[in-house]
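Okay, so we've got a single protein chain in two different forms coming up as structure tokens, structure 1 first and structure 2 after it.
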Structure 1
């Protein structure tokens, strides 16, 4: 007697029409179905700063800063530039803000936007010669640059040397700071996602797939990559400038490896390419590391292990996993007995 076997079938909820970015919406229910997850996140995050104590407010602040760096990383990775040194953007933004306020006594209201823009321009120019490098080589250059800046500052004693720049003008208070960061971070998530739905974003996305064909399509690859670097640098230099004023201090730790590893881990955890995943990853990782603070450097070991597990075991990241589950449901359908050979073949596929 043939044994009844079941297989899992994934069923799409049928909202997508033909391709990924065209939706066939026909009712409020379906609109709600798309909007709800976004709305819930916003409604959860917006009142959050008001309910947190001082300590957890600080944690949230760091979380958002790391989230901005992770967003920046994700944008770079979306065009095929893998950064191993987000600290570069962070440090440049931070030091520029510090420099502007110590040298010319500017207020944070001016230093932060100025440092964000100037920092992004500076980083883009700096990385411009490296844009033609592929894969790991671009990563290596971004890995080396922040460390290089750190050592040069130490050796030349410019910008305060090992002491750093301190007594910078403060920001108005943690709650307001949190709201500013929150708006910027959410703006980046939705803005970047929107951007990648346009034709411009499509070109950027294509750069990662195959930049030879983009070039043959009459598009100046180097120039578009430079634009991507500039856009990606903005949230990161902003984060640097912002945190500098929050701490009222900027020093060599701004170029430290932490600001490179944490964003990267966040994206790997949350899932690359969606921007929401980057933020989600940061929201898990940073509070988790606060909880693990008692373990000392063991927590770095824990991050690393988590990182390996995710890279190897769940490369799509948490966000894509959730998204898949949300858009599809699974059911068991009966099927006829198949021979072992066919089953093995199926598994291989």
Structure 2
């Protein structure tokens, strides 16, 4: 009896078409191959808040807030706008929620959506004149604005001055808060990825590659960039408004540099351009910084070394690396199948 010969074949052979995220499927096994990673992540995250203690629930909440800010940064970078001041969106959303609550007594059910939309509109109008700038110049403007707002609030004593706005209405509970943030974060990942697969997303990506060519094609570049800023501001202003009611307080720390640096680092660690990488980076970065608190002053050293290792060793980002490795899985295929397929092709010819 002849021994059966085998050869290695990539699992996604016959599944993946010529373009990323466009697939040709012919069986449920192929559908499962594509859906399984997403399904496992969702099935892991949904019950997670129920099994965490109070402390780690707080850590997860901050993680999801940073993830929303990272998604905001990733969307801006995807259209060629490199931001160094996500704290601007976060602080504006937080202060608007606090103002609506203290001035008119609105509850979080109304203040959070209103502050999210109004904050996104305000930030878009504020940054609209700067959209003509390119490269680091736009980043410098976004970096300076949160610092400017801090000094204005401190000097004029508006919005509570240095004491901030306190005694705001609370949210129902930490577990419910986590599920709200989780749904919003997953919805942003799915929505942004689908948006960039449309014709509208194609224009946004073209702005990053060569906005002069887009303008030469008769498209209003500044108007499309303004739309991108508005869309990117939504998750960030929502995060600011949401965390304001979680702490029942908003003050000048809402414009702190942490809300600008951590999202940027999360995207670099997870991988830019995928949106899922931004969330993955935040899910690694924030818990890691909490674990390293036990090392005291060595925390910053260890934290920096870990970041350097990942950035130098995986410049593409962790998500892109894992995605590439997943699509390189191989299986053993009998050579008989190959020979039969070749004979069938020869007869057809």
Partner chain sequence: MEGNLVNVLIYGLVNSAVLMLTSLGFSLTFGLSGVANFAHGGLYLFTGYITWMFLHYLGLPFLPAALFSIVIVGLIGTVIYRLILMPVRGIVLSEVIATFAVGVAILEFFRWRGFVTYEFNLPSFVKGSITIAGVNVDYQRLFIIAIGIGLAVFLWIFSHYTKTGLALRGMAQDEYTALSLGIESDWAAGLSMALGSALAAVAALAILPLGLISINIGYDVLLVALAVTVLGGLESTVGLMVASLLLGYAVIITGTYLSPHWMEVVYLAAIVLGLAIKPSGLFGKFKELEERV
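Residue numbers count along the first chain shown, from 1. Predicted model only: the values in this text are computed from it and were never measured. In this text, the rigid core denotes the largest set of C-alpha atoms whose superposition between the two forms falls within 1.5 Å.
Would you indicate whether the form predicted together with its partner chain is structure 1 or structure 2?
The form predicted together with its partner chain is shown as structure 1.
Taking the rigid core as the reference frame, is the Cα of residue 320 displaced by 2 Å or more between structure 1 and structure 2?
The answer is no, as the C-alpha of residue 320 shifts between structure 1 and structure 2 by less than 2 Å after core alignment.
How many angstrom apart are the two C-alpha positions of residue 299 between structure 1 and structure 2, if you fit on the rigid core?
Its C-alpha shift, to one decimal, is 3.6 Å.
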